[in-house]
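Shown below, as structure tokens, is a lone chain in the form predicted alone; questions about how it binds or moves come after it.
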């Protein structure tokens, strides 16, 4: 293949092998794996040179891979696989189905195979002793590789073993009980990605009972997955790009498949054991995976998959129970997996070490309840305009359109007066759910054209309701058009040009608060003005707030306590944050828009650019997913520092999606933020990331 003969000289052979390892660092599969795992390209790789031992020298020789705990479940069992008269590659490549290490861990697929415990009991006992020594020394679960050459056991390597989120949780508490690690280390042992895995759904056990299992394999990756069949990595990636859940079905996987494995929702292989490539990679990613399912036969030429006589093709549906190794050909319901009492205990432990608050971005009572169940300490971003989307939005949207299409201030005020009770009730319902927890309402921030009627039919409906001509409606809609609406008439600008829009929002929010107070509740109201560029804007809006608050207090006979702040999302605001803090009692950094404004990237159109930029290493990561610390991050720090130079007790948070990204959360901790806010399902991950940041800091000190 290389065009040169294999050298006879031993030194040349060794030199060639060493160079091959170094060159492998830039191989396609290595580059893909680093990209997926976030491993820096400049780390490089190392070479170990050691004497070779041979497991393929007859029936007294063997090779194997083992884990000091079960890497899938975390059970305290010595778990592994071995092959007689074989080399290590035969085990990990999935070319042969290996035998179990011991009788305790036999399963349906290998129960008739002879274990090492049966055939080589003395060597097995020696291996068990080594297992205990390693765990006592490293205080962790180890992945070990060994070879037996003519009856003599040789240890080839050991490293901290990859494990599922469930296994990581179980092992950490086992080792805590054994006093191998303390509570701080328990919190550090579960990565945010593993915790995220624990939040992923599993198959609904009740629904699962309704269907027949069509095949069984080895349960290599926990949880459940339902999706269409993809026979190649390329197809899995394509499905993922289209938002289609998919199951990658292969005879066995190899390192060339890592991108497809990452894109797939589940993995099913015909061959391989619990230490095969598919099992190890899927386990490390918390991916649902079944391996060694010998009922699966694949005809790549025809594009068919045969499973116990059933014929499937690419695009047909499968469901996997990765915890049991069961395969189904029906769409089975999925459920939440967070009811695990150990998960709840772990999150309680997390909060013992966490010093930064975690809130949620939520826009209705249901989302708020869900977030609170995940541990959210309040709402950091409630977008009022979301009441005009989705469920029960038809009537409020109709009233909003009346306001948008008004032709005079009087018309606009009349339309807003009709809308005010809807905003009040919408706000009141969520304030009531969060009784005693802070709720930050962001004043309306949408480009108005987004809510205008689109299309001739919709415009004619509005014209009929408003008793004006279709042409007049079209003219008013066209007048709303902006060349760059994301930088146009939205946010605080809307409230300054049309102060009646601000008035009705303040009246609705203060009235909702007053009503709840009269009913015996404890609403904690925070009002956030978006898109500010200077303190004058805030002064303008605060004057309106003071006027309306006094009216509402007189009407209800209560004294309303609330916080008035702003959303920092324009670079200029961070530069003049000391002035803005003269009026604002809190800052919430809107890092989505701050990133957009700083990079000059449109967050709605940037995907193609960012992908190429990341691939070509022009930027290290998508800045809308992980905070750009050397640019946008410095603006955040500047805003915090300058704001607190004026108001020492200025509360600072973040409400962009970066609030749920672990790397970004750690940065926000060091930047001195009081809290982060993120979507409900990311709240536990943010809690863990904040706790781990605090632990790392305490360890440094």
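These figures come from a predicted structure and were not determined experimentally. Numbering follows the first chain given and starts at 1.
Although not depicted, the form predicted in complex with a further copy of the same chain is the subject of the following passage.
Contact annotation: residue 557 falls outside 4.5 Å of a further copy of the same chain in the predicted complex, judged by heavy atom distances.
Remark: residue 534 counts among the residues lining a further copy of the same chain in the predicted complex, judged by a heavy atom distance of 4.5 Å or less. In the predicted complex, no heavy atom of residue 454 sits within 4.5 Å of a further copy of the same chain. In the predicted complex, a further copy of the same chain sits beyond 4.5 Å of every heavy atom of residue 409. Residue-level contacts in the predicted complex: of 645, 634, 56, 45, one residue has a heavy atom within 4.5 Å of a further copy of the same chain, and it is 634. 609 is the sole member of 414, 176, 609, 213 with a non-hydrogen atom within 4.5 Å of a further copy of the same chain in the predicted complex. Only one of 145 to 153, 229 to 237, 624 to 632, 200 to 208 lies within 4.5 Å of a further copy of the same chain in the predicted complex by heavy atoms, and it is 624 to 632. Annotation for 613 to 634: interface residues with a further copy of the same chain in the predicted complex are 613, 616, 617, 618, 619, 628, 630, 631, 634 [heavy atom within 4.5 Å].
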